[in-house]
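Just one chain is shown here, as structure tokens, and it is the form predicted alone.
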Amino acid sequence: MSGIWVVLEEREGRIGRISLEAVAAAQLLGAQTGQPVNAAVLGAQTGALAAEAAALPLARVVRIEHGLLGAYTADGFVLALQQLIAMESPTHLVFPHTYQVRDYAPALAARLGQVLIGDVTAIGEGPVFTRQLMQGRLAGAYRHAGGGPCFVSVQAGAFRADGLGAGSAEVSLFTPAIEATQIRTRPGERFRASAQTVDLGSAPMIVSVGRGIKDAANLPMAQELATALGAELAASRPICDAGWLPMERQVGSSGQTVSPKLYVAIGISGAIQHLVGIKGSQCIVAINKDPDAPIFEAADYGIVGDLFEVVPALTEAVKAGKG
């Protein structure tokens, strides 16, 4: 067995943020099991991506290169990774829980007679993998049984990548055997996000509003605080459902999962669906007039009071602090 392997995913020529979080999850798993952590990058030309990966705290990086991997197809990725697994015999494969991974990883696991433990939010001793069920109302604990590698994908924002540190991994090249006739699908145009799309998952600070804001006309008050902090403005689901803010700014189990350094919750009661989306935040500040609001159970700092008095005062204090 050659330890734990992370399959890294490229985003605009760089290793995607959630892939770095997958490395952090694999490092935790490696610390628990006493195994080295390695990584694989796939594509037609992977030199730059492999060099970036080699600077992470990894033992080895394998460049899986083939002309038929230049454009993503599930068939190509499954064939390539199946051959890597046969060559390396890993104990665990860790993936970022992306749309692409959800497309090919279950097929790869099934081909090897395994299952994919998807959307993992925590890894405990055992190892035991935790994932949310019923939109966060329940948490399930899973162990890998039987032989063969354990397949795991990790939820965005569940593992912090900012403390990964540096490394100097060994880089090697592997060319899988893939024939054009084995690729049963034709790649279409690559998905491109709208220019207006906000990646809240990468925001270092977020100011988020809920029902307590009462009316769309009161949003500029929250925006002023966000601007003063240099934060992104976000919202709970009711605000976006009402059309007061675009859906791309929704935080929660049915929106974006976030992990900012600071999350300010204004007038948000703290339904479980919202709490699931913010659990990776380093510091949560909650402002709500209801002292029994569930948001206070998750908050590091809580302000019980009228948000229409607290938020303007907080904005002025931030501005004054910046001079």
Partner chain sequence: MKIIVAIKQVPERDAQIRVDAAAHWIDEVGLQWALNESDAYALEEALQLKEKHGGEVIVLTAGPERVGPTIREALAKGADRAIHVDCGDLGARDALGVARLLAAAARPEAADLLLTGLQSDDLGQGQTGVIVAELLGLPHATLILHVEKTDNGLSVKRELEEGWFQQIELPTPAVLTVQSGGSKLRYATLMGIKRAKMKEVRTVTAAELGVDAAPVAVLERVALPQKQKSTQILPGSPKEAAAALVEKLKFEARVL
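Numbering follows the first chain given and starts at 1. In this text, rigid core is short for the largest set of C-alphas that superpose within 1.5 Å between two forms. Being a predicted model, the structure only gives us computed values, none of them experimental.
Absent from the display: the form predicted together with the partner chain. The rest refers to it.
Using a 4.5 Å cutoff between non-hydrogen atoms, G210 does not count as a contact of the partner chain in the model of the complex.
Mapping the unseen interface onto this chain, P90 falls outside it, with no heavy atom inside 4.5 Å of the partner chain in the model of the complex. Shown alone here, G302 lies within 4.5 Å of the partner chain in the model of the complex, counting heavy atoms only. Although the partner is absent here, Q282 lies within 4.5 Å of the partner chain in the model of the complex, judged by heavy atoms. When the partner chain is considered in the model of the complex, only one residue from L219, I178, L164, A74 comes within 4.5 Å through any heavy atom, namely A74. You can rule out all but one of 27 to 35, 286 to 294, 40 to 48, 53 to 61: in the model of the complex, only 286 to 294 has residues with a heavy atom within 4.5 Å of the partner chain.
In the model of the complex, the residues of 106 to 121 lying within 4.5 Å of the partner chain by at least one heavy atom are, in order, P106, A107, A110, R111, G113, Q114, V115, L116, I117, G118.
Core-superposed comparison between the shown form and the other one: the CA of G302 exceeds or equals a 2 Å shift.
Core-aligned CA deviation for L42 between the shown form and the other one: less than 2 Å. Positional change of T227 between the shown form and the other one reaches 2 Å or more at the C-alpha, relative to the superposed core.
Distance between the C-alpha atoms of P294 and A156: shorter in the model of the complex than here (change of 3 Å or more). In summary, the C-alpha positions of F129 and L262 diverge in the model of the complex, ending up at least 3 angstroms farther from each other than in this conformation.
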